[in-house]
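One chain comes next, on its own, written out as structure tokens in the form predicted on its own.
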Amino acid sequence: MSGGIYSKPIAFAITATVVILIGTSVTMFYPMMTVQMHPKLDSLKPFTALELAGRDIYQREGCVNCHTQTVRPLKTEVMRYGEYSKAGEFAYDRPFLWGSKRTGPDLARIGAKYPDAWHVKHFLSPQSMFPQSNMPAYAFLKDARLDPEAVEAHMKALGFPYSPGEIQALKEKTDMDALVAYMQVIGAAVKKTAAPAVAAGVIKETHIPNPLANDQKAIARGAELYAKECASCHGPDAKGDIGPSLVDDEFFYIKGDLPDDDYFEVINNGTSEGSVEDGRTARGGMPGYKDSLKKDDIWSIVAFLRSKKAE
């Protein structure tokens, strides 16, 4: 026994190496080639020509240096950014843009969170939306035209489907259009947690009054919070900008105002396309503030808006 392979160091080393390589291939390399190791969400689609052009601009401008695109399965991250990232949502990401540093917020769930106009305004001047932001402005993107031939070459290289008409349409698009299109598709394949279903047309029978109505301190506090959180979308005078006016006689595109608790619920929960509030259907595009504002803060904003309506 002692005269076997154990007494031949070279032969033993070669044999051990071969066995380890075979084991590694069976347990690691082969599984990587199977379909099960490359999951894809059913709702995930290849990038369109415009979205891919925007992704290229995202890389070109170094956005990945300040923003991540992955939410870790940690309670704190899920509470702040939304559903944790799934392997199947990155099937068409070549390369991955997960990033490693969050100078700015994570963008994994940015898709469909805000309307296109919000992103345009933000890229033109980040500080107009968030005064404390240190993000540079990208206003030059709105004047830069896309190169359809370069985009088509990228589509072919990555094997993404496209049509000649889709490529031709890029002649009328700018780098800003492309980047916004890419923003809107990031994480869009992951279904967002839906609020309890409410049938359109169903109207509440009872309402909760604002406990801070006509409270002057609350109104003053609401004015401060509105300027900080809401003015960039609804205008400094609440008469509308990216978002609709909050001081007219209309709610969710239907004539006739609604009670204070409906305002509270919209601010608290945000809106998504198709969501319903007291019988009226929203078009989406507003984030909820339940994780960043206290209930009294939201009631204060509502009290402030009511004071503006009374002017």
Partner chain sequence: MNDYQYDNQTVTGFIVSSIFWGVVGILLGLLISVQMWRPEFNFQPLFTFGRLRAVHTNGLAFGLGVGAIFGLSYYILMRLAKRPLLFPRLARVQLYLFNIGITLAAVTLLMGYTQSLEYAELEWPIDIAIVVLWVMFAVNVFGTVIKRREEQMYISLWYIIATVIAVAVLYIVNNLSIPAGLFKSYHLFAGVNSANVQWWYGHNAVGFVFTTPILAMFYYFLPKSTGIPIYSHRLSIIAFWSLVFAYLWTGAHHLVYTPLPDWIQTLGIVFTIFLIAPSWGSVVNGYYTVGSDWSKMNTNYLTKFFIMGITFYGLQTVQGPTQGLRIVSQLIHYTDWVPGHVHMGTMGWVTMTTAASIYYVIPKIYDTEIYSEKVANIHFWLVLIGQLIFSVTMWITGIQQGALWKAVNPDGSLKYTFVETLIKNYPFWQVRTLGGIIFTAGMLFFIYNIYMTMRRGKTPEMAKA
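On a predicted model such as this, the values are computed, not experimentally measured, just so you know. Positions refer to the first chain, counted from 1.
As for the form predicted in complex with its partner chain, it is not shown, yet the points below apply to it.
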* Structure fact -> Note: its partner chain not shown here; in the model of the complex, the stretch from 207-215, 228-236, 110-118, 176-184 having heavy atoms within 4.5 Å of it is 228-236
* Report whether the minimum heavy atom distance between Thr76 and its partner chain in the model of the complex is within 4.5 Å. => yes
* Would you check, heavy atoms only and a 4.5 Å threshold, whether Gly104 touches its partner chain in the model of the complex? => yes
* Asked: Is there a non-hydrogen atom of Thr68 within 4.5 angstroms of a non-hydrogen atom of its partner chain in the model of the complex?
  -> yes
* Asked: Can any non-hydrogen atom of Asn134 be found within 4.5 angstroms of its partner chain in the model of the complex?
  -> yes
* **Listed residue that, although its partner chain is not shown, lies within 4.5 Å of it in the model of the complex (heavy atoms), from Ser43, Ser245, Gln59, Asn269** => Gln59
* Answer option from Ala144, Ala87, Ala220, Ala169, heavy atom within 4.5 Å of its partner chain in the model of the complex -> Ala87
* **Residues in 81-99 with any heavy atom within 4.5 Å of its partner chain in the model of the complex** => Tyr81, Ser85, Lys86, Ala87, Phe90, Ala91, Asp93, Arg94, Pro95, Phe96, Leu97, Trp98, Gly99
